[in-house]
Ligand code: ATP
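To begin, one chain is listed below as structure tokens, in the form predicted alone.
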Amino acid sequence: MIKIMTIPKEVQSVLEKLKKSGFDAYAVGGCVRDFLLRKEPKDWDICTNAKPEQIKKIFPKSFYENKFGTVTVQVKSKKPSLKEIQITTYRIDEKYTDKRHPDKVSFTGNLKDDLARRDFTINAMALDSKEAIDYFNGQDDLEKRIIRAVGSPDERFNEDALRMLRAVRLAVELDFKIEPETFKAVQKNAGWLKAIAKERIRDELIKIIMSEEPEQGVELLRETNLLKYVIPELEKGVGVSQNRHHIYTIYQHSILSFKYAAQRKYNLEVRLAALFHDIAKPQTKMGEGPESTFYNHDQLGARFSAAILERLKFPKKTIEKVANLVRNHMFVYGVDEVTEAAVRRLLRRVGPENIDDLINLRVADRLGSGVPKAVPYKLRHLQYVIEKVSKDPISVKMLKINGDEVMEILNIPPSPKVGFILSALLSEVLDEPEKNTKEYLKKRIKELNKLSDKELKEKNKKVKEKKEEVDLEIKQKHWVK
């Protein structure tokens, strides 16, 4: 069923107010592209021949804090994407000395001149309430699913080198192809990306990583020569064979693991870790053929990952988590090797809050290796043990009182009775957690002390039964015996 799209009433209202005041007014840019593709635009931009001061008079609830002729109008709307609408005066951009910003902006009264300065034909269309204004065959390129630079690709990329990265991002997000001449211009001018602020590169990269098929984006970055200016470390794995445990080269395996992380809708950190988990293998490879080794590639890979993300100005929290996942991605999980003590050490090392993401990374790693089962029995068994020790619902350690305090209150030496009393207290707390207070437990210790060891043991049966009940539930959840 074709989705029928209409321009939102909030946008219509802004267009009409500008027109009633005697000015041109069009929706423009990416919102028009998405509208024509029958996708919900993430935001709406408007262009006009009105000057910023004139726009501000028409829309008192607005602000103008830039030198590019853009006034932000505040609109009453329930939709976050429509609470602010940006209105920009038709303009012509002059030279881009820094390949990022125009040295000077000149206002113009001509819509075509304004559209001619935009990056790609599919973003260089305007829309009023009746029709699309399309001077550069953007609608034709939408039909053909093509990313094509407006006019000369060299000129467009010389103006703003980030447009090359944006071409890749749009191709991945929209499932379009980059038109051959535009593609060649990206390959030729890829080095200009060095002039772009790392924060801007990071923002485009995140959009690629969080797209539905980000592995195609990374491969497109490599084909266009952009990868060497974004994540050159990844290219070192191209064509580098592994050992008998792998059928793919290092680069191929990394890309496939990344692909499966995205297919399973994993978060940004797991996707990055899937892409980077073997990034240090080229530097740690010893020998050739099926017996080659990559000792400590996990530890070195964590340092590489942190360095890459720091260079790209990612938040500290993201850097630390990705490095943590990469550092620990080689954890052992054989059924006979997974003791509760080993799992507790793993939880302490990785952090309980990161354990699910570490399991997800292992799943992506396995799928990227070409194995048939993403979650085999032994990995399910590990999940069972992790949940079991994480909950630890029958441990006296959860009590707000300990054995030393029991002995002090009763004035008795160490004896089996101390353990019997603690277990009896736990049996009560399991049923009524609100009783787990020092005041209540101190009172009950004196009462329980009046019981015989046999009576205390009877009470303790409940703890054992509860342990078995919880253990069975967790086993069934993870399909283990």
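Residue indices: 1-based, along the sequence shown. Quantities reported herein were computed from a predicted structural model and do not represent experimental measurements.
From this point on, the text means the form predicted together with adenosine-5'-triphosphate, which you will not see here.
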message: Considering non-hydrogen atoms and a 4.5 Å limit, which listed residue (R303, K285, R166, K184) is close to adenosine-5'-triphosphate in the predicted complex?
response: R166
task: Note which of N123, S254, T88, N360 lies within 4.5 Å of adenosine-5'-triphosphate in the predicted complex, where distance is taken over heavy atoms; exactly one does.
output: N123
- prompt: Given that the partner is absent here, does R38 sit within 4.5 Å of adenosine-5'-triphosphate in the predicted complex, heavy atoms only?
  reply: no
message: If we define contact as a non-hydrogen atom of the residue within 4.5 angstroms of the partner, is E215 a contact of adenosine-5'-triphosphate in the predicted complex?
response: no
- request: Although adenosine-5'-triphosphate is absent from this view, report whether R118 comes within 4.5 Å of it in the predicted complex, heavy atoms only.
  value: yes
task: Answer yes if any heavy atom of D160 is within 4.5 Å of a heavy atom of adenosine-5'-triphosphate in the predicted complex; otherwise answer no.
output: yes
- request: Please determine, with the chain shown alone, which of 50-58, 410-418, 25-33, 442-450 has non-hydrogen atoms within 4.5 Å of adenosine-5'-triphosphate in the predicted complex.
  value: 25-33
field: Residues of 198-219 having any heavy atom within 4.5 Å of adenosine-5'-triphosphate in the predicted complex, listed in sequence order
entry: R200, K207
